[in-house]
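This document opens with one chain alone, in structure tokens, the form predicted alone.
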């Protein structure tokens, strides 16, 4: 009896592309190695995508949905802004998504990545700023703190990927997150300077 492999769809290819980005950066998004990884032929790829750029666009849409929209929807279920911020930091620091994020941020000047990255960073920092505004910070201070929070996140994921032994775990991670949130939610600097 011949056992047929299930037919691959575009989501299989985009997931493989995101995995490859996490391992090798944008250079990992190559049709032939992805086909080998998926146990199929290049013909399967061309059934779903016109070219590599189309796959990269689909992977970036999937990344945005998974790494931004889904996380924000999840943390939005928290009842108050401070709890949402804590849930957000827990979600992004406990995620196995750091390698993809690091590689995409490193490629933020690539013509295909730049617009998606700008949209994601704008939406992410706006979400953080909205929580801070809801906690009583004026909008300008909330924007500055949102950028501070995002920069802290970027530094954290760099450590996760490049120097994982520097990142705390367990109770130490909880304490670290508490320190980050205390710094984020502390008193504003006098006259918005610091």
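Residue numbers count along the first chain shown, from 1. Just so it is clear, the structure is predicted and the values come from calculations on it, not from any experiment.
We do not show the form predicted together with the DNA, though everything after this point is about it.
- In the predicted bound form, no heavy atom of residue 127 sits within 4.5 Å of the DNA.
- For residue 29, a non-hydrogen atom is located within 4.5 Å of the DNA in the predicted bound form, even though that partner is not displayed.
- Of the heavy atoms in residue 156, none are within 4.5 Å of the DNA in the predicted bound form.
- With a 4.5 Å cutoff on heavy atoms, residue 48 counts as touching the DNA in the predicted bound form.
- Of the candidates 68, 152, 40, 62, 40 is the one whose heavy atoms come within 4.5 Å of the DNA in the predicted bound form; the others do not.
- Comment: 48-56 is the region of 144-152, 128-136, 157-165, 48-56 lying near the DNA in the predicted bound form, near meaning a non-hydrogen atom within 4.5 Å.
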